[in-house]
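Next up is one chain by itself, shown in structure tokens, the form predicted on its own.
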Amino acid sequence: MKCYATSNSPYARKVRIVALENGVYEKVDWQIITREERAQIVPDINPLGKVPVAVMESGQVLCDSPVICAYIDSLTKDKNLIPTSGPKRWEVLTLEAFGDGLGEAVIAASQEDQRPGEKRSQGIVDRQVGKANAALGFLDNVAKDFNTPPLMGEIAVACALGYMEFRDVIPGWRNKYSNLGDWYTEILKRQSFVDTNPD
């Protein structure tokens, strides 16, 4: 499988961490590309132009990080990050969706904040930051129940937090949401997070 990713995307990072945690990282042909290369290469593979996107040896294309993560997780039977059945499966997938949603909010806030002058909308920034703060408040309340070691949901949340810090979207969040901040400090010590730290 060939997987196209950019180095700072929280969704691409999520896929890479799943591969590392499951011990199959070396089985993937990673194509770490720039934003400019993404604009040139990816639309021919994924019409949405988004990464990560994976191409199987058969030519089949897998789009979107939840799909690619689920496929990678299916490659191993002894270290599943997504439970195969029961209430725990839906709990993990819901937390993954929540983490991805947090990522969407902080990406939107960061991109809007970087727009030049009169093109920038403070209203959009405020709405997205508001969504992110609401998510952080919820996650702070449930962080004590997070799985150790992390499953797919926790990985998605941590990747969103990593991008949020990388772009400095909500300064000082670790102090305001201390339960979540303490948990995040610990998960960053895992080698898979060290190896994929945004640059």
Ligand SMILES: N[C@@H](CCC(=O)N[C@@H](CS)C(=O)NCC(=O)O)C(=O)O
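In case it trips you up, residue 1 is the first one in the sequence shown, and so on. Everything numeric in this text was worked out from a predicted model, so none of it was measured.
Below, we refer to the form predicted in complex with the ligand, which is not included among the displayed structures.
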Please tell me which of 174, 167, 38, 131 lies within 4.5 Å of the ligand in the predicted complex, judged by heavy atoms.
38
107, 124, 82, 75: which sits within 4.5 Å of the ligand in the predicted complex by any heavy atom?
107
Interface membership of residue 52, the ligand in the predicted complex, 4.5 Å heavy atom rule:
yes
I'd like to know whether residue 64 contacts the ligand in the predicted complex, with contact meaning heavy atoms within 4.5 angstroms.
yes
Contact between residue 11 and the ligand in the predicted complex at 4.5 Å, heavy atoms?
yes
Have a look at 64 to 72, 24 to 32, 153 to 161, 133 to 141 and name the one stretch with heavy atoms inside 4.5 Å of the ligand in the predicted complex.
64 to 72
